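First, one chain by itself: the form predicted alone, in structure tokens.
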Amino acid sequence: MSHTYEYPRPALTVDCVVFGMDEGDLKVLLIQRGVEPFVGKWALPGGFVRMEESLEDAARRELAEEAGIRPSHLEQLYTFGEPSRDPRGRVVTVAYFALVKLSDHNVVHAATDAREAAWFSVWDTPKLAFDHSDVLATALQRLKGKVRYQPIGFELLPPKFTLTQLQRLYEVILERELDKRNFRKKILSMDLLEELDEVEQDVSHRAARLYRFDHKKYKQLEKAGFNFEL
């Protein structure tokens, strides 16, 4: 049985902010649009939600189609609905942000309606299409806040990392220097890092010890009421 819908229907899209860490620089994935509007301009990957799919499914599909990205960490960020945000008409977008290990996605390949896909420093992006500069700024603020009370930053590091790499990650995201002694004392006191019987390879300085984040232990501690806070 069909029903008459008396209200106008805005179009619905998803847009994705994908962060990666590259040698001390926080990167964001952008695609160059191959279609109007804003053809040739850089934008966040995303697109229209299909009638039969959930919002998260749409976000994951768009990332896979436009750049070959399949993130392990993906979460809903915010809804942007300014009436004039899209010249095609009334379009509401639900933004997501994702974290990936750049070593797994260093080379990205554009597809579907994207001409090109590339990583840019979050501090030096080109002018973005639509309201994507606002979306990116919102995602960056979310990351800065959340990285201090949830261990999501480890999603940006290789599986094995040094304490220096870990500290640098936090310094880049928070945009401030951290005291080395206090940082190490704090992070090691949480007992969430597994010290490995390995050191970094092919370095000109004294090789540092490698560590690994213990996801299983964190989940157990979280259930017991443990609060991650840096």
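Rigid core (definition): largest C-alpha set, two forms, superposition within 1.5 Å. We number the residues from 1 along the sequence you see. Model, not experiment: these values are computed from the prediction.
Form predicted in complex with a further copy of the same chain: not shown, discussed below.
**Study point:** Location of a further copy of the same chain contact in the model of the complex, chosen stretch of 97 to 105, 143 to 151, 115 to 123, 156 to 164 [non-hydrogen atom, 4.5 Å]
**Key:** So the stretch in question is 143 to 151.
**Study point:** Residues 68, 185 and 220 all lining a further copy of the same chain in the model of the complex, heavy atom within 4.5 Å
**Key:** Spot residues vs a further copy of the same chain: no contact at all.
Exercise for review: With heavy atoms only and a cut-off of 4.5 Å, decide whether residue 127 touches a further copy of the same chain in the model of the complex.
Suggested key: Residue 127: no contact with a further copy of the same chain in the model of the complex.
Exercise for review: Check whether residue 177 has any heavy atom within 4.5 Å of a heavy atom of a further copy of the same chain in the model of the complex, and answer yes or no.
Suggested key: Taking the distances in the model of the complex, the answer for residue 177 is no, it never comes within 4.5 Å of a further copy of the same chain.
Point to revise | Partner proximity in the model of the complex: residue 55 to a further copy of the same chain, non-hydrogen atom cutoff 4.5 Å | key: It does: once a further copy of the same chain is placed as it appears in the model of the complex, residue 55 has a heavy atom within 4.5 Å of it.
Review point. Does a further copy of the same chain come within 4.5 Å of any heavy atom of residue 73 in the model of the complex?
Key: Heavy-atom contact with a further copy of the same chain at 4.5 Å: absent for residue 73.
Point to revise | in the model of the complex, residues of 53 to 87 near a further copy of the same chain [heavy atom within 4.5 Å] | key: Read in sequence order, the residues that approach a further copy of the same chain (within 4.5 Å, in the model of the complex) are 53, 54, 55, 76, 78, 79, 80, 81, 82, 83.
Review point. Has the Cα of residue 22 moved 2 Å or more between this form and the one not shown, judged after a core fit?
Key: Moves: no, less than 2 Å.
Check your understanding: Superposing on the rigid core, is the CA of residue 221 displaced by 2 Å or more between this form and the one not shown?
Key -> Yes: residue 221 shifts by at least 2 Å between this form and the one not shown.
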